[in-house]
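To begin, one chain is listed below as C-alpha cells, in the form predicted alone.
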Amino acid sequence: MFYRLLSIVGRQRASPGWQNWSSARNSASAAEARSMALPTQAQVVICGGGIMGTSVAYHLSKMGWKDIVLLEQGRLAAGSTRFCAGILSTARHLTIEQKMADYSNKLYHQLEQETGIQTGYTRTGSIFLAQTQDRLISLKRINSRLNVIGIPSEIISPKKVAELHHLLNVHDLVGAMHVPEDAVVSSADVALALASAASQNGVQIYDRTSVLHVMVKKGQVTGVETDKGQIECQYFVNCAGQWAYELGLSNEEPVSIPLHACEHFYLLTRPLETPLQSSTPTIVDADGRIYIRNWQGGILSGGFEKNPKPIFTEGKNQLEIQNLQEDWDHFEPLLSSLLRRMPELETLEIMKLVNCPETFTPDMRCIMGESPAVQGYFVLAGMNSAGLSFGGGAGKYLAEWMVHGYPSENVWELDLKRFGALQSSRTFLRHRVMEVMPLMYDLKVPRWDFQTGRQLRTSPLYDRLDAQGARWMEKHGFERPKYFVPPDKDLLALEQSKTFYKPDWFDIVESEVKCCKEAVCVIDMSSFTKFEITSTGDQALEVLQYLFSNDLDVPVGHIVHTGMLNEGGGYENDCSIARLNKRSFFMISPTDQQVHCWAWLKKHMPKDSNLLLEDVTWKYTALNLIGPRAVDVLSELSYAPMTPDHFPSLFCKEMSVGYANGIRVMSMTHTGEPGFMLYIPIEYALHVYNEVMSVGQKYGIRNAGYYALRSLRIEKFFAFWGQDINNLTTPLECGRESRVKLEKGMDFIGRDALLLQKQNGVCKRLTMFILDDHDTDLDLWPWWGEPIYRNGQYVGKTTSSAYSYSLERHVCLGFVHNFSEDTGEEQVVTADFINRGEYEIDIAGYRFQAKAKLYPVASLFTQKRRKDDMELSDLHGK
C-alpha cells in the first residue's frame, strides 16, 4: 500500500512546487512604515513578525502602550508561522496551556470581524484517538480538566468516532475524546490580522529589518542596534522563534534562551473525489504519532516521529523559512500510520511533502517572561509546535507582565527563570530536543523522567548512592534520588514500570517512610538552592526585613520559615532563613528557585548597598537525617548532646561531625518528622556521609529518596512552592498567618495587600483531602490537577498528592474556592464553608469521596490508633 502511494508521490516531484496556501499579504500600514526611516527611540522594540511578535504588539497596544516598534528581518509571517499546520487545539496537560489555547480560540474567532482580514477560522472540533486503555485514561484526565474551565469536551466510543469522521478506521480504538470547539485557521493570516490591528492602534511595523544585538547598560535594556540604525528603548521583546537563542547570546550581556529546532514534516494532498467538508474534525492519533486535518477538500497530515532531525546548529541560516529538503524515507513510518488510519487515501494524489523547522525546549513547555540577567528584556519563544494554539494567550500574558509587572495567571511553569544557563549548552539542547519531539505524542504517565541531558549536576555522593540502588530524577539539572532499590528487587521491571495505577515502587517507598518514622533515614538534598546574605553593618537585616514577610530579627542561631512576597501578597519564594550572626543570613529555597530567587533579590536590593549576596548552592552538600534515632546518630558523631533541651527545634549551629568541622546542623527536616539537616562543605561530604552510615547501622539507618519525603510532607500538610503555592497564593490562603509579621507594624513587600485581605477574608483556602472510598490496589491514583467537587459543584483542583502510609489512605492538597452559583464570582471562604461541605475528587472521570481537613494531620494519627484500639477491644470482647 505504501509503495503504491510513494510511486504517485514520485510523479509529483517534477510538478510545480507547493504554493503558499496562506495569504501572503502585507498590511498597507507596514508598507507605509517601510518607506520611512526607523525611529530613533521607542518604549518597546519587538523582534519577530510571526504570530508571537504580532500578538505581543496587539495586546500591548490594546492595554494602552502606543510607542511600540515591531521589527521583522524578512516579511511579516514568513517564518515558521507561514508553515504552521493551522490546528488550534485546547486539549493540553497543563492548565495554563489550556487557558492560553482557549483564549487564542476566542481571539481568533472574532479577529476577522475586528480587522476585516479573513483568517480562515473554521470551527471543526478535534477528536483524540486512544488505541490503549492507558491512552484513554490520559484523555479522561484531560477531559475532566477541560470541562471545569468551561471548554466543552466528552469521551466518546469508537462508533461515535466513525459517525463524526467516516473515513477513519476505528477497529483498533478503545475510545476517544471529542473537543467540539477546536478550530483550524490560516496562521499567517492571523498574524497579519494581529499586525493590522496593532498598526491601527499606533504600533510601527518594519519588515526586512534585522536586529543585530540589544544594547544593555548596568543590567538594563537601553536600545537595539539594527542593520538600519539604532533605536533607544526601555523594553525589548525577543519573539525571534528559530533564532531566539542566537539573538539572546548576541547581546552585550548574554540572555540564555534554551531552545533548538528540529525538522517537522507534513504532507498535503489533492481534494478527495468527494471533497472533505470544511467542518471535518481534526484527528489526533497520538498512538500512531500523527495528526490529520482537512485542507481544501483534501488532507494535511504530519506527526512527531521517533527519530527527529535537529537543525540550525549554528547561526541564522535563513532570513525567511523556506521549505527544507524532502525526506520520504524519514516520513515513511508516519505515512504508513496515516494509511492504516485512513485506508481510502491509498490512491490519493499528494501535492507536497512540507519540511519546516519547529522549535522545542528542554521540558516541552514554551518560554516567556523577563530575563533574570537583563531588566526590560522579555522573551516569548519555544512553542514546541503549538505556536498557533498558544499565540493569543501567550501574547496576552506577556503584555500583562510588561504593563502590570505580572500576568493575570500563574505562569511559573513557562517562566524563562525556570532554566539556568546550564540548560543552554548546544550539545545538551541538541540531544534533549531529539527526546522531546517524540515525547509530544508519547504517553506520559505520572512521574516520568527525561533520559537525555542527565548527570549534569550531581552531588559528591552520586556514585556512592548509585551503587546502593538509587533511582534518579532530575530537577533544574540536578540529580536527586527518588528511592533506593533493595538488592532483592527486579531493577529492570521497576525501570519499565509505567502506570496511572499503583506503581511498582509502592513497597519500596513504604519501607523508607517506615524507617523515617521508626529509626533514621538519610536523604541527599544537595540540590536545594542556598544563598548567603551578609553586610558590614546592620543593612542586611534592614533590607531582608523589607523583602521577607516574617520577622528575621531573631537571636543568632534561630531559623525562620518565611517567604518573599510580591505587591499582591503572593509568594515569589518560600524559604527558611538561619541567622548565622548579627550581619549574616543563610537562606534555603526549593531547587528550581535558584535563578528566580536570585533575580528577585538582586532586583529589590539597594543598588549602592554594602550587601553581599552569594549563591553557595554548590558549596554545600545537604544531608537530611530524618527519624527519632537521628538524635543518637548525631550525638555519637559530634560528642555533643542533641536532645531538644540542648538543641531546640528550628535552631542552627556550626559543629563538628566526625573529623569534619564547620558543619551547619539545623533541627528541621522539611517533613514535620524529627531530625536534622546537615549542610556540609563539599570537600567533607563523603567523609560525613560515611561516618553517618557507619554509626547509624546500630540504629537501623538506611538511604531514602524524594518520594518518601513527598509522602511525609503531604500527610503533615506541608505545602511546597511551585506545586501547592505560587505567586498568586498569599500566606493567609494557605494557613501561614504565623509566618507573617503583620502585628509588628513593620513594613514589607505585600503587607498592604495582606492587611486588606485579612479585613475582607480569603476567597480560596488550601485544604487537605483524605480519600475515603478509594482502593489503593485497584483504583486509579490521584497525582495532581484533579478537580475537587463540593456538594456536587466544582470548587478547585488538587495541587499535589501522595499515599500516606500512616493513614493508609491517599492524601491530596488543593485549594477550595467559593464560586457564586448566580454570578460565578469568588466569595469569601470560611472554615465553616470548608467543614460543612461533602467533597469528591475526580480522577479521570471517576469521583471518589474525600474528607476535608484544615489543620495538620498529626491528630488524625492519634484518632486512627484509637480506632484501631477500639476495633481490637471489640474483637477481644467477642
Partner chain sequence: MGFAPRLDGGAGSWGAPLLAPGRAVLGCGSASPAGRVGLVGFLVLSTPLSLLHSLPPSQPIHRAGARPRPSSAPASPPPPPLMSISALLSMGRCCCRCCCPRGLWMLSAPCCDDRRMCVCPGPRRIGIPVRSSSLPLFSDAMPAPTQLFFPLIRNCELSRIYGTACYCHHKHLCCSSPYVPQSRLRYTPHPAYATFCRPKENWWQYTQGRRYASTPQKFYLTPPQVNSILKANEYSFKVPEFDGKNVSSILGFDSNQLPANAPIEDRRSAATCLQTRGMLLGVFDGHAGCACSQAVSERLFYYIAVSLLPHETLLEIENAVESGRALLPILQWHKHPNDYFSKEASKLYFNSLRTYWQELIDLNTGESTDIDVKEALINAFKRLDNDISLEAQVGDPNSFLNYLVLRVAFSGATACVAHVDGVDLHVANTGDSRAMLGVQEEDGSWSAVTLSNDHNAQNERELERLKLEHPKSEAKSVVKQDRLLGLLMPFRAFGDVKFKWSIDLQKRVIESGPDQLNDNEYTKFIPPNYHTPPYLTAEPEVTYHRLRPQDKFLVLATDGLWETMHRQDVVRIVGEYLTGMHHQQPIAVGGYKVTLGQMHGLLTERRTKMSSVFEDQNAATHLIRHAVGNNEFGTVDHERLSKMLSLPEELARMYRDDITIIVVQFNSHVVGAYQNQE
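Numbering follows the first chain given and starts at 1. Source: prediction; values computed, not measured.
One more form of this protein exists, namely the form predicted together with its partner chain; it is left out here, but the text below deals with it.
Checking S806, N105, T269, S711 against its partner chain in the predicted complex, a heavy atom within 4.5 Å turns up for just one residue: T269. Residue T347 is the only one of T536, Q113, Q133, T347 with a heavy atom lying within 4.5 Å of its partner chain in the predicted complex. None of 328-336, 116-124, 677-685, 208-216 except one has non-hydrogen atoms within 4.5 angstroms of its partner chain in the predicted complex; the exception is 328-336.
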